[in-house]
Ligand SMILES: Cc1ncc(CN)c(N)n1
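Here you get one chain, nothing else, as structure tokens; it is the form predicted alone.
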């Protein structure tokens, strides 16, 4: 018997071009090929620090939605709680990296693409946003980084040694397993979701992909 094709797999096939644009962006390609402009990397570092701080209340809201909207036996709360806990270490990592690269985080203002992405995250915190819809955004955001940076760790990559730690942070297998756990949560929720919620969830996935491409563009062009 053939395995059932999940909703997320259907979406990723349907929107492959946009998904590849988010996970194989020229910014990521420049890291993988070893020709990245370090000033572009510094731009990304500072802007992503701002984004992660906005990501914290969003993930906390997903945790609250999971507590109210998931079945206890599936372990959604525990999986998402692990993501919340990891964000403390992630923020500390950004501060350490910023110091290493001479990036003054306190003097960085969010650029337009970052502002718009953060506003989008904030809109998903609303209690009116269904758990399934918010979980799709969470899974997509994490997975895009995992696949992007894992691409920079492949055997034929020429990633500069000084950027290997950055790529390992999101490109490692353990984080990949975590992203798969989030995907399992999303697919379970989608299986029992109404057509209206599925439509909103797919639209949310597309918004995430578009914001991710814009975020990479912002870093790559340094504008």
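Numbering follows the first chain given and starts at 1. These figures come from a predicted structure and were not determined experimentally.
What comes next is about the form predicted in complex with this ligand, which is not displayed.
Using 4.5 Å between non-hydrogen atoms, is residue 48 touching this ligand in the model of the complex? Flag for residue 48 set to yes.
Might residue 202 be said to contact this ligand in the model of the complex, defining contact as any heavy atom within 4.5 Å? No - in the model of the complex, heavy atoms of residue 202 and this ligand never come within 4.5 Å of each other.
Is there a heavy atom of residue 141 no more than 4.5 Å from a heavy atom of this ligand in the model of the complex? Answer yes; at least one heavy atom of residue 141 falls within 4.5 Å of this ligand in the model of the complex.
Since only the chain is shown here, I'm wondering whether residue 131 would be in contact with this ligand in the model of the complex (any heavy atom pair within 4.5 Å). The answer is no: residue 131 has no heavy atom within 4.5 Å of this ligand.
Which of these stretches, 98 to 106, 123 to 131, 142 to 150, 74 to 82, has heavy atoms within 4.5 Å of this ligand in the model of the complex? Of the stretches listed, the one contacting the partner is 142 to 150.
Heavy atom distance at most 4.5 Å to this ligand in the model of the complex, all of 27, 41 and 210: Not one of the three qualifies.
Only one of 198, 60, 52, 163 comes within 4.5 Å of this ligand in the model of the complex by heavy atoms, so just point that one out. By the 4.5 Å heavy-atom cutoff, the listed residue in contact is 52.
Neighbours of this ligand in the model of the complex among 161 to 176 [non-hydrogen atom within 4.5 angstroms]: Residue within 4.5 Å: 170, and no other.
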